[in-house]
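Let's start with one chain on its own, the form predicted alone, as structure tokens.
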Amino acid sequence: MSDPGVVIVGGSLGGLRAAEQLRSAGHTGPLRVIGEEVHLPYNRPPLSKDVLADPGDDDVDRLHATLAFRRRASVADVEFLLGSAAVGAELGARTVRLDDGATLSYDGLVVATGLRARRLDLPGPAAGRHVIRTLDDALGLRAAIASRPSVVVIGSGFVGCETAASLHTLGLAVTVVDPAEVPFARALGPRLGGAVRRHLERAGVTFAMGVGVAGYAGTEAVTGVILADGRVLDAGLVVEAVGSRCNTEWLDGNGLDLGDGVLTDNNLAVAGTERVVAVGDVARFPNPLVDDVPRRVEHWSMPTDTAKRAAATLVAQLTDEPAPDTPFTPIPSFWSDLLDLRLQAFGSPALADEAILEEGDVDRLADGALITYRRSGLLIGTVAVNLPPARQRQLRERFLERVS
């Protein structure tokens, strides 16, 4: 009997880490990674920061080489099918259908299809509207800004504000628009979110908060953004940073819970089927570190953390061994660069009911600040602004002491 083969659908960080962890967990059979992009897995966070802010080399291959993840020797034999998208699956028959009509059979399946940028369905021209999710997105936006001195960024989350800060450093007039009253209100809370807004405003970034977008002005290309209150903001181009959508349509018709990503158990085994696991920000799983509510986590650390547990789970299923019996309790972590601010966080600040300023002054963020987040009195997350690495390690150890 031949070794079982595993198909990994998704060619970004989650797919790469899943392949690595499957090898580490003892899987020796064939591994195939299906990637919709033509590029091997690369680092996405720099797209709205370093790549956008550096008007340098536009050669996509050279730029990709600077962002590509180093592949371990253990996955040298993994087959990457790039430029291919999964468009359907028959989980009962253990097959995946690709957009070129090919059908792949598998013994085990990893769902690592992640997210795509959400687009606004608004009246007006399409030309001049950009998103940032892929390397090609970032290069397309970077090529467009040379002749467009005014930019409107719709969305005041991390991607929106990072993009606004990067474009501001290039000398563009940037306005951030959002129906929310405060940037990062959910992720950081109103106090820190408001402080970040004030910091960016002092640097020259404009905000139009508490108002939605009704449409786009212009004929062949965008010339302005029409706000819900009737104002029109000049815009040579627009960046829509309004969240994301889960890439799960290819799994339709299999009886899975796809209401928000892919529902799994704590071991990342997809609910309602066999020999299928999910990794990364498409996986909706319960984390006992917080509670028993399944949630997706869109932080950079999640593909690596979930891939390790999902690989162990899938290998156990393929070999008829018991599933891992220790709770899977990953600690989310993320960072953001905004002009001269570096925000570093871990835990789940968005789930807190209380935020406490423990160090520094929110009106002097560049000098350093520490905010802790609690739920029902228990420490649940931490955000540090411009604190040294040694202090960061102390904070993480403190968090681990609380949850251990």
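Throughout, we count residues from 1 along the sequence that is shown. Quantities reported herein were computed from a predicted structural model and do not represent experimental measurements.
Form predicted together with a small molecule: not shown, discussed below.
*Asks:* Have a look at 350 to 358, 369 to 377, 43 to 51, 60 to 68 and name the one stretch with heavy atoms inside 4.5 Å of the small molecule in the predicted bound form.
*Replies:* Selected range: 43 to 51.
*Asks:* Sort through 303, 155, 261, 124 and report the residue having a heavy atom within 4.5 Å of the small molecule in the predicted bound form.
*Replies:* So the residue touching the small molecule in the predicted bound form, by this definition, is 303.
*Asks:* With the small molecule left out of view, choose which of 207, 106, 80, 334 has a non-hydrogen atom within 4.5 angstroms of it in the predicted bound form.
*Replies:* Looking at the other structure, the residue within range turns out to be 334.
*Asks:* Does any heavy atom of residue 114 come within 4.5 Å of a heavy atom of the small molecule in the predicted bound form?
*Replies:* Yes, residue 114 lies within 4.5 Å of the small molecule in the predicted bound form.
*Asks:* Residue-level question: is residue 296 within 4.5 Å of the small molecule in the predicted bound form, judged on heavy atoms?
*Replies:* Contact with the small molecule, no.
*Asks:* With the cut-off set at 4.5 Å between non-hydrogen atoms, does residue 85 touch the small molecule in the predicted bound form?
*Replies:* Yes, residue 85 lies within 4.5 Å of the small molecule in the predicted bound form.
*Asks:* Please determine whether residue 21 contacts the small molecule in the predicted bound form, using a 4.5 Å cut-off between heavy atoms.
*Replies:* No, residue 21 stays farther than 4.5 Å from the small molecule in the predicted bound form.
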